[in-house]
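The chain below stands alone, shown as structure tokens; this is the form predicted alone.
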């Protein structure tokens, strides 16, 4: 049995999609959702799926070993960031080398780094006049959106696209590909 922890900061749509994807898989279990935002809807996702939910503070993540202990006690094989907006500290990266992944809503290295999340990414793509955008799934390192790329999938940016229309298209890529790539990583 492979165990996943999902880290989320917002609505939890990718978390919900990952949970649904692995729901009937006897070899994979989503063990918990870890969140840094007490107002996030990710809590509702955890409650709906009847999985543990942990609210953490910056101190928990950056100044103590609380999160590392929590992941080890839960025997987590892969930490999956799904809209988690805090930089993951070195202590967690060292405790789970090549076992923490993120999805970014653009084709890195473009439109990534500090401050590039959500609509800001799609707005940046439009303003840059890019002809394509997409998703990047990558391992985490000590910098935002800088880790080794695992997978990218692109879509064209069409005339008339807005940040909102791009967001919808990119979300569809995320929903289709993130769980598949997670499954491949767990199987390897």
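Quick caveat: nothing in here was measured; it's all calculated off a predicted structure. Numbering follows the first chain given and starts at 1.
The same protein has a further form, the form predicted in complex with a small molecule, not shown here; the description that follows concerns it.
- Although the partner is absent here, residue 171 lies within 4.5 Å of the small molecule in the predicted bound form, judged by heavy atoms.
- Using a 4.5 angstroms limit between non-hydrogen atoms, residue 71 is distant from the small molecule in the predicted bound form.
- In the predicted bound form, the small molecule lies farther than 4.5 Å from every heavy atom of residue 96.
- Although the partner is absent from this view, residue 100 stays clear of the small molecule in the predicted bound form, with no non-hydrogen atom inside 4.5 angstroms.
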